[in-house]
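Shown here is one chain on its own, the form predicted on its own, set out as structure tokens.
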Amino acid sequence: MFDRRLLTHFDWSLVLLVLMIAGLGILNLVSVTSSWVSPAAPFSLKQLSWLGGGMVIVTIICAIDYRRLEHLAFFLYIANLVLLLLVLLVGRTSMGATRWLDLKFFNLQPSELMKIVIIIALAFFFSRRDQLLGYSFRELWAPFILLFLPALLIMKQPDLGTAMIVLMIGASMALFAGIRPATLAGLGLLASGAATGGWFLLHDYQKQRILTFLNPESDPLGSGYHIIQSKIAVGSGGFWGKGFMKGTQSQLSFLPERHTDFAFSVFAEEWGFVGCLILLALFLLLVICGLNISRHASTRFGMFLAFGVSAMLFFHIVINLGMVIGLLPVVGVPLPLFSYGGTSMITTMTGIGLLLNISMRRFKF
């Protein structure tokens, strides 16, 4: 039975923050797609419908005590691994990548679900094992396997960006739980060796993305085109921006993928440094809210769960922004709540729902 006293602790400020960021994203989509001629529904309306669906999911999640997820963590993890295996066997291929399961009514992307599932699984593991001196190599083998299996399956799709996010979430949660200094130094050496050896496991296009990141001008009309046009768009916005629907890079179609991966570039061109500063401040407040909820959670499971969601949002924001201004390679990571995409919106809103759930239950009645 739902306790109505929980509503008195509902975090309306977090909801307002989410709606403000999503609203700016939809406004940005209106500008991006204003010159597109399509008989289908406008992208902005589709994004609005996905936001509405996300709010329904948030409501459902808030109605169920998050502590029940502790008992479902293992089942959810195994189920998602099975879905990732099915993607490789019978998944739908698009643009050279096999990432979706065709369920007739919609296309399911299990790799996006794994971002939430791995947070639940690791929160369950770390909340049950409190190491005062930090975790050693021997005690980290279980979370390592929990991370390695889905990351490997996601890399096989191939989807380097999502695999990176999953690994970064796991690494952040392990650091938050505590790792012994000697173990941390050893893991750093192993990671360096794995990064060096991993180069030979990358696909040719993934290697090209890294080389392009190091020197985009080497192929300005080919692999370096995205980064160069994005940097031009961001820089040409100046201090105040060119104005709504007046960006040349986006309106004249110089900027590719401007409604998804490079949505921030369009916003920067039209609203300038001031607009970017406001959007970045909203994202910063979103992450801080998540960390504050983790700090005040009533259980260790809730603390790790909220921290994992905050880490997921943080790495999405940092990787996308670093990507569009040329500080990181282009890996296809969307900007949460801002970039066009139903799967990304639903995944993010699921995480927001978990944060609100934990916040509502920070007091025990």
Partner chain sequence: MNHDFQTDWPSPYTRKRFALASVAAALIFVLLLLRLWQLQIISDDHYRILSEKNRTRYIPITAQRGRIFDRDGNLLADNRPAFDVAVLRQEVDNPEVLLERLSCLLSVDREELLKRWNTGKRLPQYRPIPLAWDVDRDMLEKILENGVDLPGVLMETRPVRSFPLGPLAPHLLGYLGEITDKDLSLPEFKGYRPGDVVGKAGLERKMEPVLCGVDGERRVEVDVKGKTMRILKTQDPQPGNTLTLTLQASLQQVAENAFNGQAGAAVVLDVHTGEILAITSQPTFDPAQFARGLTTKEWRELQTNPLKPLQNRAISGQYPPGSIFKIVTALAALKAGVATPNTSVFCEGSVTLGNHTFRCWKRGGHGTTNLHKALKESCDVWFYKVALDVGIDRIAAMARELGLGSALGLPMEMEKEGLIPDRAWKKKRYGTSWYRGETLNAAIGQGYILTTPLQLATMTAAIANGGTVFRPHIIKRIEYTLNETVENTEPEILHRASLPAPYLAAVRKGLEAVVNEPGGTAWASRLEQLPFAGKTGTAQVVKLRDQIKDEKLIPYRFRDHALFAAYAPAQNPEIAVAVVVEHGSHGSSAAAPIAKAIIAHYFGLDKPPVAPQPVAPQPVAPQPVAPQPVTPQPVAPQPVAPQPVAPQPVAPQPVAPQPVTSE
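As the structure is a computational prediction, the values presented were derived from the model and not from experiment. Positions refer to the first chain, counted from 1.
Unshown form predicted together with the partner chain; subsequent notes refer to it.
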| item | value |
| --- | --- |
| 4.5 Å heavy atom contact with the partner chain in the model of the complex for all of 100, 140 and 171 | no |
| Proximity of residue 75 to the partner chain in the model of the complex, heavy atoms at 4.5 Å | no |
| Contact test in the model of the complex: residue 70 vs the partner chain, heavy atoms, 4.5 Å | yes |
| Residue 300, heavy atom within 4.5 angstroms of the partner chain in the model of the complex | yes |
| Residue 231: touches the partner chain in the model of the complex, heavy atom cutoff 4.5 angstroms | yes |
| The single option of 27, 48, 57, 325 touching the partner chain in the model of the complex, heavy atom within 4.5 Å | 325 |
| Contact residue in the model of the complex, from 236, 107, 208, 136 (heavy atom within 4.5 Å of the partner chain) | 236 |
| Listed range touching the partner chain, judged in the model of the complex by heavy atoms within 4.5 Å, from 183-191, 270-278, 143-151, 114-122 | 270-278 |
| Residues within 4.5 Å of the partner chain in the model of the complex, restricted to 248-262 and counted by heavy atom | 248, 249, 252, 253, 254 |
